[in-house]
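In structure tokens, one chain follows: the form predicted on its own.
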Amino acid sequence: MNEFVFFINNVLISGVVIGSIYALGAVGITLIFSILRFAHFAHADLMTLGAFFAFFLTALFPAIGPALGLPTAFVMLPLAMGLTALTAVYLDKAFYKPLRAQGVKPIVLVMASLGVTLMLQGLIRMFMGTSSRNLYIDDRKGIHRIDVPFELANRPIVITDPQILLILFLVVAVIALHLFLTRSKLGKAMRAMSDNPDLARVSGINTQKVVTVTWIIAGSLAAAAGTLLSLDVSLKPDLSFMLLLPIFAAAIVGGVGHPYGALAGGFVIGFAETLSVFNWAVLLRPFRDQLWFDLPANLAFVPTEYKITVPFFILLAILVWRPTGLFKGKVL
């Protein structure tokens, strides 16, 4: 049972947590692609920027969280989401909107997003340096140990406060996004513009308003993902480098342009990473006498330091096997 608890802690819980982060990032990417028709490579930097906004707000008001019984960075998350959404809107107005007005091809917008990526990374490093930051200032990360009701298990299931908050936030965000896209007038306008921008414009839909709302949603979710991830581990200026490939892989695996597919793709990539680096020798240890081979000390498919390659291989496999993704892309 101890081995099974180890599997729960290192695969199930870790897979859900990592998958939730990737899903939040991938939803923003797929919304931007479905409305604006280009791959926004600066999205992972918006996740990092949102986390730094939360860090600044936490440093300014460190005592608010302990008074409410929550991490201060989580209490400040709505403000960080708002600041990141505002940044995303003005990045669009400053860099992408003028290019769209000139009728450039999508590849030009992609190259512009790479420029925005370098700009944001440079600004973050210039003002914050290259060292890691801790989002806990006047509070501590809560760690919960849940005893397993079996006599053979003396290891607890471990889950942290940021992980619980992340899962709850994802559930609320998914429900809210679903209701917004299916019930609200503006959500239906986004779906119409995703399907046919020219027809939506002729039908009287305010396409600029749809674009602005798209950036607000994408920026807000990016800030939430970056902050909740940094709460559980640490805030690093190069956070975007580790997130860019997995969130794009999640969006493509689920089906580019399909927000529900992005959610599924996030969990596929998240669990693929945790399963590939998990030491299966621990789980097989109770059966070593029945095995026909000597059980090695480490039986992971991929070393931990190379887990970033897992999304890349999954991405290639999906592009070859099913280019449209698990769900057919380019729809809302």
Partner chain sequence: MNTQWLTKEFGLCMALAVSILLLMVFMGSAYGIRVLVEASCYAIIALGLTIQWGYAGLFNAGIMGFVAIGGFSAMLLTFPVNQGFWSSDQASDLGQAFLKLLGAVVIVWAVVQLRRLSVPRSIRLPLLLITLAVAYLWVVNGFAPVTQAIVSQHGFIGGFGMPVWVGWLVGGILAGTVAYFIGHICLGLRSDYLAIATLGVAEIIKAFLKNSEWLTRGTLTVSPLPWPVPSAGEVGFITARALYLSVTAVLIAIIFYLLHAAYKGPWGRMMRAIRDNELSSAAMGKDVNQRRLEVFILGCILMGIGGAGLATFNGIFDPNGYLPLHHTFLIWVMVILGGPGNNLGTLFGAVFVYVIWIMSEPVALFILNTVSYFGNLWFAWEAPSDFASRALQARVFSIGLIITLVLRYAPKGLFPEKVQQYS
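Numbering follows the first chain given and starts at 1. What you see is a predicted model; the values in this text were computed from it and never measured.
Only in words, not in the display: the form predicted in complex with the partner chain, which the text now covers.
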{"query": "Heavy atom distance at most 4.5 Å to the partner chain in the predicted bound form, all of Gly15, Leu70 and Leu86", "finding": "no"}
{"query": "Contact of Tyr136 with the partner chain in the predicted bound form (heavy atom, 4.5 Å)", "finding": "no"}
{"query": "Interface membership of Val256, the partner chain in the predicted bound form, 4.5 Å heavy atom rule", "finding": "yes"}
{"query": "Proximity of Ala224 to the partner chain in the predicted bound form, heavy atoms at 4.5 Å", "finding": "no"}
{"query": "Contact of Arg37 with the partner chain in the predicted bound form (heavy atom, 4.5 Å)", "finding": "yes"}
{"query": "Proximity to the partner chain in the predicted bound form, single hit among Gly142, Pro78, Pro156, Gly115 (heavy atom within 4.5 Å)", "finding": "Gly115"}
{"query": "Position in contact with the partner chain when the complex is considered in the predicted bound form, options Leu275, Val302, Val282, Leu57, heavy atoms within 4.5 Å", "finding": "Val302"}
{"query": "Options 236 to 244, 168 to 176, 215 to 223, 78 to 86; stretch whose heavy atom lies within 4.5 Å of the partner chain in the predicted bound form", "finding": "236 to 244"}
{"query": "Stretch 81 to 116 - residues with a heavy atom within 4.5 Å of the partner chain in the predicted bound form", "finding": "Ala94, Phe95, Pro98, Leu99, Gln102, Lys105, Pro106, Ile107, Val108, Val110, Met111, Ala112, Leu114, Gly115, Val116"}
